[in-house]
Each structure stands twice: as structure tokens, then as C-alpha cells.
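The chain below stands alone, shown as C-alpha cells; this is the form predicted alone.
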Amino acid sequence: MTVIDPSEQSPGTRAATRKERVAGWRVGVLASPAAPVYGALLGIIIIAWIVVTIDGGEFLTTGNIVNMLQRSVALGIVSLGQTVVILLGSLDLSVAALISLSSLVTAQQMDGQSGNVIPAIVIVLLLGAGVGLANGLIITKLRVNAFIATLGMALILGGIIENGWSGPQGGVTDGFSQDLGYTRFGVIPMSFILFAVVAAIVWFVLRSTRFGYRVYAVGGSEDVSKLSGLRTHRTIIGAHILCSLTAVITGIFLASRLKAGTPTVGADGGYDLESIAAVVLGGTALTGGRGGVIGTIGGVFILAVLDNVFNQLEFNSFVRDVVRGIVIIAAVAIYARRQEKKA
């Protein structure tokens, strides 16, 4: 077979090759399940910019962009873990309580001492792995539905928090709080880089490892996966450990922002239902087997933009919830119709 050096091709042939590549790239992007998510995000940004400008505010300013990026970090990280368990056809309602507990443990273990930063982070990560392992074992070995299992775990963690702490506790060191919570490079906060790193890791795990392949397989059909010889219990346990680890990382980040642990920081943020909403907005099917990290990131940004607009327009909580609910229902309805057309 003769291989033709591109430099030896005629200008017309090279131009045609480039057009074919661009056309292939365009078809690939538009066919991506995440494409409508980012189309919706772009539309919401344009509408938000127009509405805020008419109201006399400023939307696309450096400060506002930084604000939206920072607000997307906590929800974004925990939503990445929620994506993994939802891809299995499971979910995790214990993340909000775990975020609160991990923020308290982080601040208490650091106790204002810079030498305690690394040990505190290790302890909190072990806490997350333990909670995720317990969730996975309850679901797989005790055959408890994931909804009930993680709801029960949320109640257990809530009881531990209520019994051990009555208000903000501990002290995150100034350096750690400043570095993770407030440092930024231009318009990019340091915390957003943490979000990007966690997203890259989860994306790589799902797309390029056997574990990721098994997550999609089990989410598609657990029975078929078992017949194919996959160890589904290990996959489910591993996914819940990963989800809990993202929850405790979120707790560490929030502790750095607040410079203390707070018993209600997870519940106040509504990270259990908010993370599920972000995953669904991102196009991941609640029945499992379809979706991914890229769509979830788009869903997180959609919620961050909406929150920013609500704050600027000073909407009350009732209107916020109504608009959020309409957006989520509309998104799920659109995805369902797209799947029907494909089928």
C-alpha cells in the first residue's frame, strides 16, 4: 500500500480533506448526548444576560463570572459522584449529610494547625470511603433499595451530627482556607481547578477503565451483566465509594470557604436533590446506562447561571423553586422525546 505524504497532495485535495474532517467533527459534536445540554446552557446564558441587563444589572462581568464558577464548584464535585451511581441505576441521598459531617471533621481535625491539614484530609477521605462502602454493602448484600439504604444512611449521619455538634466547630487554617477557598488565577478560582481535576478523573475512570465499562453495563442491565460474568456487586460498591469520596471532597471545600465546619452546610445547600437534578439536566438517564460527566457539568452550569440570575433579580424562594422545577421537567421531557425518536 502506498502512503501519500500530505505535503505531496494538491491544494484542492488538502482542502477537501480538511472539509471532510471538519464535517466529521461537526457531526460528532452534534450527535453527542451532551450537545443539547450545552445548547440549552448557551440559550440560558443569552436570556440571562438580556434579562439582567434590562433590569439594570451587569451579567458578563469578571466578578460575576468568578461568582458563578465558585458557586458551581461544590455542587459540581458532588454531582460527579452522583453521576456514577445514577449511571448504575442507583442514587445516593446521603451526600448532603456526609458533606456536613465531613466539613465538621475537617475543621475539627485541622484545629487551626497547618501541620494537621494533610492528616485531616486523609481522615475525611477515609470517612467518605467508609460511608460509601457501607452504602454499597447495604444495597448489594442486604438487598436494600438504594433509595431506602442511602436515605437511612442520611438519617444515621444526621443523628451523629446532631448528637456531636450544635453549631460551627473547629478551625480551618488560614492558609488552607485562602488557597482553596479564595485564591484565583484571573477569572479562574483555585477551587474550580479542583472541580476540573475531579471531573477529569471521573471522566477517565468512566471512559477508559474496566470499572467504567462495568458501570455502564450494570446500569444497562444488571441481570445481563451477571449472565456475562461481571461482578456487579463490586461495581455497585465501588461506585458508591466514589460518590461518597466526591461528597467529602465537597465538604472539605466548603469548610475551607467557611473556615469552620457547619452541621447544616450540606442540608442548606440541598446537595442531595440538587446533585440529582444536575445529573438529570445533564442528560443522564435515571434508569442508568446512559449519560456521562460532560453532560453533568453542563447541568451544573445551568443551575449556577439560574441561581446567579435569581440572586440578581432578587427572586423569592418560591419563584426560584418553581422555575427550577419547570426547567428540570422540561429537560427530562425533551430528553425522553429525543430517545423515543431515536428508538
Partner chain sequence: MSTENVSASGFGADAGDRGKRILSALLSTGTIFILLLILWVWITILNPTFAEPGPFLAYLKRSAPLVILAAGAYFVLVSGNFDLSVGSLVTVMVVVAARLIEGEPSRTWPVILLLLVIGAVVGFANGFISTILRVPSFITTLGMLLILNGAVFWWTGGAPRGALSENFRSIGRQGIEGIPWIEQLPWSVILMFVIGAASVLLMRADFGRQLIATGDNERAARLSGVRVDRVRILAFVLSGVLAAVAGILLGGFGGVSAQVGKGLEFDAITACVLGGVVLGGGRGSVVAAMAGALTLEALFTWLNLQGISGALEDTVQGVIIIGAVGFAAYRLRGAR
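Positions refer to the first chain, counted from 1. In this text, all values refer to a predicted model and were calculated from it rather than measured experimentally.
Just so you know, the form predicted in complex with the partner chain exists too; it's not on screen, but the next bit is about it.
Looking at Leu125, you'd find every heavy atom of it more than 4.5 angstroms from the partner chain in the predicted complex.
Using a 4.5 angstroms threshold between heavy atoms, Ile276 counts as touching the partner chain in the predicted complex. By the criterion of a heavy atom within 4.5 Å, Ala48 is excluded from the residues contacting the partner chain in the predicted complex. None of the heavy atoms of Leu180 is located within 4.5 Å of the partner chain in the predicted complex. For the options Ala129, Ala196, Val187, Ile160, the residue carrying a heavy atom within 4.5 angstroms of the partner chain in the predicted complex is Ile160.
The chain is drawn here without the partner chain; in the predicted complex, the stretch among 114 to 122, 237 to 245, 161 to 169, 94 to 102 whose residues come within 4.5 Å of it by any heavy atom is 161 to 169. With contact defined as any non-hydrogen atom lying within 4.5 angstroms of the partner chain in the predicted complex, the contacting residues in 137 to 155 are Ile138, Lys141, Leu142, Arg143, Val144, Asn145, Phe147, Ile148, Ala149, Leu151, Gly152, Met153, Leu155, given in sequence order.
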